[in-house]
Structures are given as C-alpha cells and as structure tokens.
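Presented as structure tokens, the chain that follows is alone, the form predicted alone.
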C-alpha cells in the first residue's frame, strides 16, 4: 500500500517532506488538503493531526505528523532507497548532523518563516505586511547567516561533508526569501552562496519547488 502524504502542494512543511520523498525516490500519494476551505480544521483531519496543521502521513496503518519527524522516519525506514540523509554509524558524524538540524530549527526557521509570513502569507490572506517585523526578522537572519558563513568555510554542508536532512530542511523557506524581497541566500557570502546554490539545484527540489504533483508520485 502506497504511503499517503496529507498536505497542500504549496505548503512549506508539506514540501519539506516531499523533497525527502523525491530525494529517496519513495513512491507516495499526495492527498491534497485545501487550506483555503479549512479542511485542515475538519474533525476527520484533527483526529489524525490534533494541531490542525499540514502535513501528516499514513504508512501502512501508521500515522505520523511534524515534517522533520516524518523526514527522519522516512530516511530510517528506507535506508536502501536514495542517499542516506541521516548519519547513524560514526558518533562524531551523527553529532555534527544533530548540530546542523538544531541550527536550522533554532537559527534559521524562526526568522525566515517570520519574514515570509509578513511579506507573502499575510498579503495572500488580505492582511497588511508589518514592515518593522519583516525588517527585524531579515536583520536577525542576516546575523545568523554570518555564523553559517563561518561554519560552511570549514565543511561542505551544514551537517558535515555530505548532504543531509539538515540541509534539505532549509529549502522550503529559504527558497521563498527572494520572493519575499531578500537576496540573503545568494549575497551573504561565498560559502553560504555556494551551499545554497548546491542544495537548491538538487533534482529533488526542482521537481517540487513550484508545487507537489497531486495523486500518486512514482519513480522508475
């Protein structure tokens, strides 16, 4: 039975899971949840995802939500499909990976998502952008990326010398920053620019960047 991903084709966190599915070439079906109609707040949805957020997956009777947890689960369950995205043998490599994951969640996501909320999502829903909030988020993110520049001067990727989930987790919000009016990902410094161009040009991201195909997604 094919794995089912319940989410929206354009939603950032749904894309976070989808890029891992594409990276590892795991067949899945996208069951589209229409956020504009409030389908994520319907009783049937809330039984599976009590916070009323996308996405969640159903995998042979097992239900899981939270995009980063889903991504880790997929990489662990399918170690022989596609690249291994979570080091699990070498202690130091695993520690660097965990450091990278923590960096993304603590030092990138809160500020990138806040800027994008103000510049993209609020106007989309008829609300007014708060320029002060946007400017502060971009200023803070810029300072955080100064630290990225130092880290990436010493290693190719955020979690070590191989691409991992720690890198891929940046793609959904990082790719929207330019649309939101910020060129930070390509102007911060040579190391951040090199890293960002590397991960954002991956075939898996190119396949879903403009939207995840609805229905069954198969791979040869």
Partner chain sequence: MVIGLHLSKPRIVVMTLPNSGTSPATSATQTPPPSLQAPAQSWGDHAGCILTASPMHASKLSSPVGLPIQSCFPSTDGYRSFAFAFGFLWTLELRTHLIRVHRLYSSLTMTLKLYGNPNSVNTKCVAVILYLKKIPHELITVDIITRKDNLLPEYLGKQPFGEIPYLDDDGFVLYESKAICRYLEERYGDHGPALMPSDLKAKALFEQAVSVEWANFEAYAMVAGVEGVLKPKFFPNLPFNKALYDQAIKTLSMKLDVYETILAKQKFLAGDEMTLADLFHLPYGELLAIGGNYIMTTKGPNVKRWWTAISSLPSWQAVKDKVPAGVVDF
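Numbering follows the first chain given and starts at 1. Keep in mind the model is a prediction, meaning the values are calculated, not measured.
Missing here is the form predicted together with its partner chain; even so, the following discussion is about that form.
Q: Honest question, do 134, 179 and 207 all end up within 4.5 Å of its partner chain in the predicted bound form by heavy atom distance?
A: Result no, not one residue of the spot touches its partner chain.
Q: Please tell me whether any heavy atom belonging to residue 28 falls inside 4.5 Å of a heavy atom of its partner chain, as the geometry stands in the predicted bound form.
A: Flag for residue 28 set to no.
Q: Heavy atoms within 4.5 Å of its partner chain in the predicted bound form: does residue 124 have any?
A: Output for residue 124 is no: heavy atoms all beyond 4.5 Å of its partner chain.
Q: With a 4.5 Å heavy atom cut-off, would you call residue 186 a contact of its partner chain in the predicted bound form?
A: Although its partner chain is absent here, residue 186 would stay clear of it in the predicted bound form, with no heavy atoms inside 4.5 Å.
Q: Taking its partner chain as it sits in the predicted bound form, is residue 42 in contact with it (heavy atom to heavy atom, 4.5 Å or less)?
A: No, residue 42 stays farther than 4.5 Å from its partner chain in the predicted bound form.
Q: Heavy atoms within 4.5 Å of its partner chain in the predicted bound form: which of the stretches 191 to 199, 32 to 40, 159 to 167, 65 to 73 has them?
A: Contact-bearing stretch, as computed: 65 to 73.
Q: Find the only residue in 139, 84, 77, 129 having a heavy atom within 4.5 Å of its partner chain in the predicted bound form.
A: So the residue touching its partner chain in the predicted bound form, by this definition, is 77.
Q: What residues of 90 to 116, in sequence order, lie within 4.5 Å of its partner chain in the predicted bound form by heavy atom?
A: Read in sequence order, the residues that approach its partner chain (within 4.5 Å, in the predicted bound form) are 91, 92, 94, 95, 96, 98, 99, 102, 103, 105, 106, 107, 110.
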